[in-house]
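Next comes just one chain, in C-alpha cells: the form predicted on its own.
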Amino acid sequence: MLTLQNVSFHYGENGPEILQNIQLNFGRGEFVAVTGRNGSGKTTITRLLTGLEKPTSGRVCYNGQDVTREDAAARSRFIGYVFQQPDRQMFMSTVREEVGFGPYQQGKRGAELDAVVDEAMHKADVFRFADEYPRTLSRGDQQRIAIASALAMHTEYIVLDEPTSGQDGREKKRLSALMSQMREAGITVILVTHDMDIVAGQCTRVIVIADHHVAFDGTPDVLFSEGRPEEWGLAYPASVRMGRSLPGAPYCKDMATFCEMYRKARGIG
C-alpha cells in the first residue's frame, strides 16, 4: 500500500499552497486516474508519491514504512514515473542500455541482466528498437521504453503523466492495451490525465483534485452519473452523453458499450 497521510505542499517558503491535508491510499493492481483543472495539483500528487517533491507537512508511506525523505532514486525500487515528455528522462545511448540502467544499479549483471531487460522490452513492445538511440524515436515509442525501464525494475506502481495527449488513435490503443496488461499483472497504474475516454473506459478509480483538496475519490460511473464533473472542469465522455439518450439512460463507459445498449434498445439482434 502506498499512502499520502495529511500531506500539504507549497513551493518555497512563502509560495501559495498547492495541496492541503491530502489523504490518499493506492492499493495493489488499481488503475487510478488523477485529474482536475490545470494547476489543480494533480501532477504534484504524483511527484510527491515518486519522491520528486517533498511535502511541506505530512508523510508518504510505503507498506507502513515512512519514505517521506527518500528521494526518487530510492523509491524507484517500487515506483516508476513516465514523464509527459519521456525523452527528458532518457540519457543512455541505446534502448537496451536505457532499459537496463535501473536493474544494473540494483546489482544485476550478465545473463540475469539480459533476461530482465529482454523480458521488459518484449512486454512493452520495444524489443525491435534495442540498438536504437531512444531520443530519436517517436513519443509513443519513448513512452513504452520508459515503461519498459520500470518493468525491468519489477515495479509495483507506475505513474504516467498525460500519456495520451498528442497521440493518434493507433498509439493510444497500443498504450491503453499495455496499461491494461500491467494492471492484469498486478501493477498499480496511476494516470495523470484529462482524457475522460480513458477515465471512463479503463480506470477502476478516479481522483479529482480541486481547491487544494480531494474533491472526488470513487469509481468513474459514480463520477459521471452522480458527481459534478463539469464543476471541476471535466468533460463527459461521448459514450456517456450518448448513453443518456437511450431508454433508461444506461451508463456507457465506452463506445462498444453504447453500441451494445443501442442494439438492445432497438431490438437489433
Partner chain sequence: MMKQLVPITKILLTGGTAVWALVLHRPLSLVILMAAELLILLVSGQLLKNIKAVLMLGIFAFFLGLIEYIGGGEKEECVAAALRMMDMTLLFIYLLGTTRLQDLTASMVQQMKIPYEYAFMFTAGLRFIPDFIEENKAVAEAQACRGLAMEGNFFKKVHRYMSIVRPLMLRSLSRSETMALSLELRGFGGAHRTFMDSVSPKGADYICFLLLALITAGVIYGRVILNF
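Note that this is a predicted model, so its numbers are computed, not measured. Positions refer to the first chain, counted from 1.
Heads up, the form predicted in complex with its partner chain isn't pictured, but that's what we're talking about next.
- Taking A72, L113, L137, A130 one by one, only a single residue has any non-hydrogen atom within 4.5 Å of its partner chain in the model of the complex, and it is A72.
- The single contact residue among M179, L160, M153, I198, judged by any heavy atom lying within 4.5 Å of its partner chain in the model of the complex, is M153.
- In the model of the complex, no heavy atom of E119 sits within 4.5 Å of its partner chain.
- The shortest heavy atom separation between S149 and its partner chain in the model of the complex is within 4.5 Å.
- Among residues of the shown chain, L52 is one whose heavy atoms approach its partner chain to within 4.5 Å in the model of the complex.
- In the model of the complex, its partner chain sits within 4.5 Å of a heavy atom of S76.
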